[in-house]
Every structure is written in structure tokens, then in C-alpha cells.
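Just one chain follows, in the form predicted alone, and it is written as C-alpha cells.
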């Protein structure tokens, strides 16, 4: 019984943050997605010490355990665009490999030119 109450309370906190974010975005007509604002609210509550992370564990653990299931619809949706992906495969692969590689090389080069002291 106590476990069920903790689960319901932690889920109510998560849903409350999302509900507050939806209310804020609707009231102020923000273009920011409500789930993102809800996460920022939750982060602010956690960082501000108003909410302890132990209170969220009963509902967050099952969500994290089955998070892979949330990616199935996105993966299935990608199958609809396989023709486009195969048409631009080299462009996608080159962008996915070249851009991070160039970013890392540039950051490494800039960092090596700086003078850092421990």
C-alpha cells in the first residue's frame, strides 16, 4: 500500500510539472514546448532544494527501465523514409561523421593553443 502511494505521489509531481508548464505556455503563448519547460521546472525544483530526487524514484525507475519502448514508434516511423535515406546515404554518413570530427579537431586545436595552468 505504501509503495503504491509513493508511486502515485511521485507520478503526481511529474504530471504536476508538466501541467504547470502547459499552463504557463498557454497563458503566455510561449513557443517553447511544454514538456521541455516542465523539465526545466522540475530541474529548478531539484536544484533549488524544494524537491528531493528520492521522491521521484518510485515513478522514474519504471519509466527508465522501459524507456526503450518509447523509441519503437520513432524507429518504425523511420522505415517509411528508407528510400530517402538510401538516396542520400553518403551525404548523411558524411555529415554524421565529418561534422563531429571537424568539431573535435577544431576544439582540440583551439584548446592546444590556449595556455592553461593547473
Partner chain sequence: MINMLMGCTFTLVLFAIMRRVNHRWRSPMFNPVLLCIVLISAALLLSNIDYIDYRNATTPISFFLEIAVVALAVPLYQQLHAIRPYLILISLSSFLGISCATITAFMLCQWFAAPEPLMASLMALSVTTPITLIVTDTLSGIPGVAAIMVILIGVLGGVFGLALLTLAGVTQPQAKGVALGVTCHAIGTAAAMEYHPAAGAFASAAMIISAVITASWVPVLFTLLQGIIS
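Since the model is a prediction, treat every value here as computed from it, not as a measurement. If you superpose the two forms and keep the largest set of C-alpha atoms that fall within 1.5 Å, you have the rigid core. Positions refer to the first chain, counted from 1.
What comes next is about the form predicted in complex with the partner chain, which is not displayed.
Candidate site formed by 4, 23 and 28: none of these residues places a non-hydrogen atom within 4.5 angstroms of the partner chain in the predicted bound form. Among heavy atoms of residue 86, none comes within 4.5 Å of the partner chain in the predicted bound form.
Not displayed here, the partner chain is approached by residue 15 to within 4.5 Å at the level of heavy atoms in the predicted bound form.
Proximity of residue 9 to the partner chain in the predicted bound form falls outside the 4.5 Å heavy atom cutoff.
Within 4.5 angstroms of the partner chain in the predicted bound form, the stretch 79-108 places a non-hydrogen atom from each of 79, 80, 81, 82, 84, 85, 88, 90, 91, 92, 94, 95, 96, 98, 99, 100, 101, 102, 103, 104, 105, 106, 107, 108, taken in sequence order. In a rigid-core overlay of the protein, residue 12 has its C-alpha displaced by under 2 Å between this form and the one not shown.
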